[in-house]
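The chain that follows stands alone, in the form predicted on its own, written as C-alpha cells.
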Amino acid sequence: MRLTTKGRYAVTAMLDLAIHYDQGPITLADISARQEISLSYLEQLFSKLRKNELVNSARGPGGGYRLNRPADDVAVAEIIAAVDETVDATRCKHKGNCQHAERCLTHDLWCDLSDQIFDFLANISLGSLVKKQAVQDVARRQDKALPINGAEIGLKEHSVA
C-alpha cells in the first residue's frame, strides 16, 4: 500500500490553503513556490478539488483559491478521495480476486488495514493539522523564504514544471 504523490501533494496544497486562509485567496503560484510542487500539477489537482467542492476560486487580480468550508470541517480522507486516490492495502482493490480470481489467505487482513487507515485519515481535519506546532514552524520557515508575491527570491532554483 502506498499513498501516491497525487494524494500527498493534494493534502499538502490544501494544508497550505488552510494555513494562509486569513490572507484571502491564495494563488497556485504561491503554493507551488512554497511547497515546491509543479504549477501544472497543482492546476490538475485543484480542478478535482474544485469539482468536489473542497475549494472555490476567485478570478482576476487578487484572485486565487480558498477552502470552501472551515478547515476543521475538511478531513484528510476527503482530500485524498477527491483526487481519485485510495489508501488500499490490498492487491485486488477489495475485489477479492487476489489469487487466481479468488480471495487470498490474507485478503481480510489487508481490507481491515485499509479500513483502519481510511478511518484514521477521516478523523484528521486540516484544522487539527494547522494547530500542530511543527506544522506552524514549517509554515513560518516557508513564508520567510518567499516574498508575499511568491517570487523565488532567495531560494535555490528548482523546477516547477
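The model shown is predicted, which means the values in this text are computed figures rather than measured ones. A residue's number is simply how far along the shown sequence it sits, counting from 1. The term rigid core refers to the maximal set of C-alpha atoms that superpose within 1.5 Å between the two forms.
From this point on, the text means the form predicted together with a further copy of the same chain, which you will not see here.
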Should R103 be classed as touching a further copy of the same chain in the predicted bound form when contacts are defined as heavy atoms within 4.5 Å? yes
**Message:** Is L129 part of the interface with a further copy of the same chain in the predicted bound form - any heavy atom within 4.5 Å?
**Reply:** yes
Q. Taking the shortest heavy atom distance, is I124 within 4.5 Å of a further copy of the same chain in the predicted bound form?
A. yes
Inset, instruction - Using the partner position in the predicted bound form, report whether Y21 sits within 4.5 Å of a further copy of the same chain, counting heavy atoms only. - result: no
Can you work out whether a further copy of the same chain is within 4.5 angstroms of a heavy atom in all three of Q44, S47 and Y65 in the predicted bound form? no
None of S40, N52, N56, Q35 but one has a heavy atom within 4.5 Å of a further copy of the same chain in the predicted bound form; the exception is Q35
In sequence order, the residues of 98-121 that place a heavy atom within 4.5 Å of a further copy of the same chain in the predicted bound form are Q99, H100, E102, R103, C104, L105, T106, D108, L109, W110, D112, L113, Q116, I117, F120, L121
Discussion item. Is the shift of C104 between the shown form and the other one large enough to count as movement, that is, does its C-alpha move by 2 Å or more after the core is superposed?
Written reply: yes
